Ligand code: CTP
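Before any questions on how it binds or moves, here is one chain, the form predicted on its own, in structure tokens.
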């Protein structure tokens, strides 16, 4: 039985096409076989012989001999994943509207498996309403549209539009080859910090970067879910392809989650919701000259997770228990009190403002699973796989 994973790499006419050989090498090191397809515009930007050598496979173009007339069908049958990288605005538009005027776009119409699109273009084009609308169309059909990087572009402009690092794109491709364990599920995720106003300029917040929530959104998208993220003002960007509801305060987050909760199948509460808020918000800005000392009265915010636990009917509800020492017993008690199906326990010392963390996954009627310190991306993938194992209606 052939266990080698197979990716068709569609290369379009963006300057970032020169990075394709490096991407093929990275995928090859992970045991992935790659066949490259070049659009006519891409042929002048990357060497076909280089692609052939690094992929150890033929390179496919519109200039193929007559014996390859059905190449788009054969490639569609061969590939398990179509990765379009770099994807220009022109090709994105063609894919969104079903135009098939070259081998790659004809292949895309014939492709029955997952499609991942890695855009790269000028900032003005990326921000344009037409491109964003086309991306929305593709995402609605199940394509995974990756975010873009920010920085200096080939034309010298600064801003969003750069191709993501090829290492990141390779990670997305490898993850996309994984089983779609949440296909057809609606996943609601809370992410990032919340902020509570003190006066017109000051706030109470916390050190959450939002990375865990972003990685959970990415893992859920790659698992085939329809993802909605309710996010406070996080420093870490959310992946493309998910619906985002921006909020600021705990009250804002509660209102948004309460509105979305009934329609979701799975809710993952990864946000660091403020436990307290000022009893009153001062008008304007309080000046240091007003007094030599300042006492701030705080009141408790509603417990958002506990409220969702009471409202739960058919949903799988997942909470996070962040505390000093990551007490397993405390997390288990919290899971029961708040009517959750799973609780992720981790320690303040290792979870805040970090790229990696250790965690303990606690589920009803199962032994706790300890996850050694690992990248939050990998932890998110483990959590999503564990959620997929929870039997439907297990909470009833």
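Residue numbers count along the first chain shown, from 1. Just so you know, these numbers come straight off a predicted model, no measurement behind them.
Not on display, but discussed next: the form predicted together with ligand CTP.
Participant: Determine which one of 309-317, 138-146, 88-96, 268-276 lies within 4.5 Å of ligand CTP in the predicted bound form, judging by heavy atom distances; exactly one does.
Facilitator: Selected stretch: 268-276.
Participant: Check residue 184 for me: does it contact ligand CTP in the predicted bound form (non-hydrogen atoms, 4.5 angstroms)?
Facilitator: Output for residue 184 is no: heavy atoms all beyond 4.5 Å of ligand CTP.
Participant: Contact between residue 304 and ligand CTP in the predicted bound form at 4.5 Å, heavy atoms?
Facilitator: Contact with ligand CTP, yes.
Participant: Evaluate residue 106 for contact with ligand CTP in the predicted bound form, applying a 4.5 angstroms cut-off between non-hydrogen atoms, and reply yes or no.
Facilitator: No, residue 106 stays farther than 4.5 Å from ligand CTP in the predicted bound form.
Participant: Would residue 322 show up as a contact with ligand CTP in the predicted bound form if we use heavy atoms at 4.5 Å?
Facilitator: Flag for residue 322 set to yes.
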